[in-house]
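What follows is one chain in structure tokens, specifically the form predicted on its own.
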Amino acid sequence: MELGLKEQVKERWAGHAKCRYDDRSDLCEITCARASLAELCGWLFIDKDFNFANLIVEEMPAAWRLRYIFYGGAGSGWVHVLASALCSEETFPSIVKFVHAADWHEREAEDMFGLTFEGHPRLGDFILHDDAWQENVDPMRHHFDPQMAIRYRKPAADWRPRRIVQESGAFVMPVGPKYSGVTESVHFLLETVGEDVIRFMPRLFYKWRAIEKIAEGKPADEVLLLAERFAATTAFAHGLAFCQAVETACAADIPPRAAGLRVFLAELERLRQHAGAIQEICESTALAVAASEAGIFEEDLLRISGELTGHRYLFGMLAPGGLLLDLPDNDCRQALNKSQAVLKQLDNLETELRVSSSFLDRLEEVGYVQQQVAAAYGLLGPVARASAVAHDLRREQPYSGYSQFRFEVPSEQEGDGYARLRVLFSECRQSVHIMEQTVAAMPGGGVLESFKPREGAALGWVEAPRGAAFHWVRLDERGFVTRYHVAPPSFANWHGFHVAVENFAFQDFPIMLATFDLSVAENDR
């Protein structure tokens, strides 16, 4: 934790904020008066250069508790800003004026809990679309019964897309909700007066699953099944974040061998996911041969995962306390050897793409995102690192033994589609490098440690293939989940995607969509 942060808060917000620091978790909790909330969060985000991670809303027995989570670079620790109000008071100040990255988080809280954020530029019509749902459903409130059908829906019959462009001849081009470029339902609204996109708005959540509500009252091992399955292509990353949250809440340790195997599998998943993203980029630019090659590489990695663990997407490996299945050292070495062979083929593909002028013409200077904009929107993962925002939780807030391994965090400066592609290839090399180190130093012993469930709450985090993912879990004394909240990386990157799309031609839209490697399923959790 930065020296003097507690003292600075005490001096600057005397009588309005109180700090509590836990050196074991490197966490500073700041309990803040609502009147000072926005200014304090802005100070952390802008002046102190902390990253905004998540907004967690909890309906306690008599009061609301809002938890704004920030994290810094290596050695800067975590800051949780807490704000409270009686349950009868449903209004909080918006922090979006200072922390634009919190925009969608506040909109989500408004739709799910019925809270109002004063000063927010646009609330409503978010997860619960106004043309399908009435207002005041508030499905995450305690009084909402998910077993009761909403028999008489009262959506807004006169709903129309919100128009921004008002010039003569302006029109809205709708794409979706059925859209062949992605595997889930999503609705794109593109405003134009000609060939260029002037304004872009995505409408997600058509298949919202209410996983966080379903999780309430279930034991942690059952909720893990939900965490693994809402975004199957990154199942291991999300399952790992959930397990780490439960383990922290219960003060549980995991065996060293389990930690090493978790890292190995997380990097195998990253390698496979990036190969799939590269395939999508090649396909979006009509390079059929290159797309087929990358698709074969992804299939090879899926088979490696299946042969090693019994599941192509690594389902069923994780458990709070470690892993359910030990992996023999020799099997890990074989999986590594096969992954190294795939990496060589990926390197050859990158070399071929670098000299394809028609391919580069479709990516270079297309979908440009400035570094300052990427930081303001809180973009994550390869998308952010391509715009010189080189944050990586494996390095800055290490977990599961990542601090023991040497690796680089690839980044580029240009912020365009080609920069994002280069980051993907570079990260593939780093993933195999980490896998090599884990195999060389794999500890012996068991892979699962039993522990006694207890009441508590904690945050689990991982650097998922698409970027930082945060899972918040609160448990009762039996170890049953009373609150579960997920902030996946695509939630942040969809929020900022319009910056890349606007002021570019319509025909570039599928390419920009591919280079962002966005998941719809992560948002439909």
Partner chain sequence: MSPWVIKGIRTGIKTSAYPRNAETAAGVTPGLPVSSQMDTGAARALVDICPTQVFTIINGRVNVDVDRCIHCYRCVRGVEQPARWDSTYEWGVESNQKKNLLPAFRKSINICVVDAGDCGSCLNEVRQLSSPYYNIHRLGFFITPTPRHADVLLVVGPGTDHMSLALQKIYNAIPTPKRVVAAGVCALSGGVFAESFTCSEGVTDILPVDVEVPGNPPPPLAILHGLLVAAGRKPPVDLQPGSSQANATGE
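Positions refer to the first chain, counted from 1. In this text the structure is predicted, and so the values were computed from the model without any measurement.
Heads up, the form predicted in complex with its partner chain isn't pictured, but that's what we're talking about next.
- Residue contact with its partner chain in the model of the complex: R422 places no heavy atom within 4.5 Å of it.
- Although the partner is absent from this view, V289 contacts its partner chain in the model of the complex, with a non-hydrogen atom inside 4.5 angstroms.
- Its partner chain in the model of the complex comes within 4.5 Å of a heavy atom belonging to G306.
- Interface residue remark: T248 is not counted as part of the site for its partner chain in the model of the complex, having no heavy atom within 4.5 Å.
- Stretch-level contact check against its partner chain in the model of the complex with heavy atoms at 4.5 Å: of 230 to 238, 433 to 441, 398 to 406, 69 to 77, the positive one is 230 to 238.
- Proximity to its partner chain in the model of the complex holds for all of R209, I296 and F315, with the criterion being a heavy atom within 4.5 Å.
- Residue-level contacts in the model of the complex: of L360, L82, V366, L325, one residue has a heavy atom within 4.5 Å of its partner chain, and it is L325.
- Proximity to its partner chain in the model of the complex, taken as a non-hydrogen atom within 4.5 angstroms, holds for one residue of P202, P139, P410, P255, which is P139.
- Counting a residue when any of its non-hydrogen atoms is within 4.5 Å of its partner chain in the model of the complex, there are no hits in 12 to 48.
- In the model of the complex, the CA atoms of L226 and M148 move farther apart by at least 3 angstroms compared with the shown structure.
- Compared with the form shown, the D130-A149 C-alpha separation decreases in the model of the complex, the change being 3 Å or greater.
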